[in-house]
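Given as structure tokens, the chain that follows is alone and in the form predicted on its own.
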Amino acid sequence: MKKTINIGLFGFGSVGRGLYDVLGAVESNDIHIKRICVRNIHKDRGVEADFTDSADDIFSDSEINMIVELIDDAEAAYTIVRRALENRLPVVSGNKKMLAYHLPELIELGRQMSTPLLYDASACGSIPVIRNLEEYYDNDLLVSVKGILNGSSNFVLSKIFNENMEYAPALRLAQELGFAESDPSLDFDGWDSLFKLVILTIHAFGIYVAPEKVFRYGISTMNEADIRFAVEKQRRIKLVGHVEKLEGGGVYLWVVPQLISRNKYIYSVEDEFNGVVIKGRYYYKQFMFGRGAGGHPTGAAVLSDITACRYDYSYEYKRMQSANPVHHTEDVVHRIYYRYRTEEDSTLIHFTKVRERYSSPEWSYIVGDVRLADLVAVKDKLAGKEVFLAAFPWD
């Protein structure tokens, strides 16, 4: 049933301000931000609104009937969302790190309290991937979800491959435009994509895989040699999150740079945009595209969640109740490009088959087949090394 919404908003950073602006643009008469909780109440926000620095002011306000959490502190976000559910207040969250670590617990709490938790805005910005997985792809025909889940890293890679910019200047430009944080590791080391992939996997295949169990590798060690290799192979490097169901019911997921060929949808996804390819039996592939970074696109996605709550919408997690449950596996082989400098580093990764090898005094690489389980086993050893790896799909 359509109803008036009085929001208690936590956070007024890029996305919180984006939501404020979007609400002002749509001039809704039945959705209002009643009070905003921020860390520093004395900071000039440039808007006329009721600010507080106390969560109690939000939760004790009897007129507030929805909580919207848009802060960057994962543990604080968890406390807010849990408190909202315990108080039977519908809650919208944008904190993908918090969700990736606490979602099973919060799903169960929401069920106990018959209270919705919505978070479409936490994955892929303006692209409504979660709700589509919930409503349209809620059957055993789904095979994989794969795509560019982080707009900041994609912006930098676009500048490198389209404008021949070096990594450092491209990163500075992304930071100046508000697409990347002052500490870029969350985006460029693959953490942001990983958290989103964990969330998407629950809705796509009904299984929760903790972030620490997933192989994650970013683009921060990529150098000119890797870019040259990609160009010579007529490919581009994209940071990709990928979950796929295998024959037999195994599901694997990983976040890794991939050497993408021209015939793939995500090859042409540029700048701060995200692109997600959903593949299934019989309907083959469907492609979703939209802005994945920026306050206004994400704020619009938050508004979509708020609007859904007005009509008592909630996720049903249908795949988690499937009669044919899946299981997490690492028993899959991929072709990998691996660049290194020292002989010691050349032995870090176990190749089941070497298909190409190059050596020079400056840098060397191996192209070959690697089991995902073997990559997971050495992921901590790869950190801090002067190496780079990328998936090298056959097509």
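The first residue of the shown sequence is 1; numbering continues from there. These numbers come from a predicted model, not from an experiment.
There is another form of this protein, the form predicted together with another copy of the chain, and it is not shown here; the text below is about that form.
Colleague: Another copy of the chain isn't shown here, but in the model of the complex, which of 184 to 192, 216 to 224, 128 to 136, 83 to 91 has heavy atoms within 4.5 Å of it?
Modeller: Stretch 128 to 136 is the one.
Colleague: So, residue 49 and another copy of the chain: in the model of the complex, are they within 4.5 Å at any heavy atom pair?
Modeller: No - in the model of the complex, heavy atoms of residue 49 and another copy of the chain never come within 4.5 Å of each other.
Colleague: Please determine whether residue 228 contacts another copy of the chain in the model of the complex, using a 4.5 Å cut-off between heavy atoms.
Modeller: No, residue 228 sits far enough from another copy of the chain in the model of the complex that none of its heavy atoms falls within 4.5 Å.
Colleague: Does another copy of the chain get within 4.5 angstroms of any non-hydrogen atom of residue 286 in the model of the complex?
Modeller: So residue 286 counts as contacting another copy of the chain.
Colleague: Is residue 281 a contact residue for another copy of the chain in the model of the complex, using a 4.5 Å heavy atom cut-off?
Modeller: Residue 281: contacts another copy of the chain in the model of the complex.
Colleague: By the heavy atom within 4.5 Å rule, which residue out of 303, 103, 74, 207 makes contact with another copy of the chain in the model of the complex?
Modeller: Filtering the options by heavy-atom distance leaves 303.
Colleague: Under a 4.5 angstroms heavy atom criterion, identify the one residue in 159, 242, 264, 296 near another copy of the chain in the model of the complex.
Modeller: Going through each option in turn, the one that passes is 296.
Colleague: Can you name the residues of 314 to 344 that have a non-hydrogen atom within 4.5 angstroms of another copy of the chain in the model of the complex?
Modeller: In sequence order, 316, 318, 324 come within 4.5 Å of the partner.
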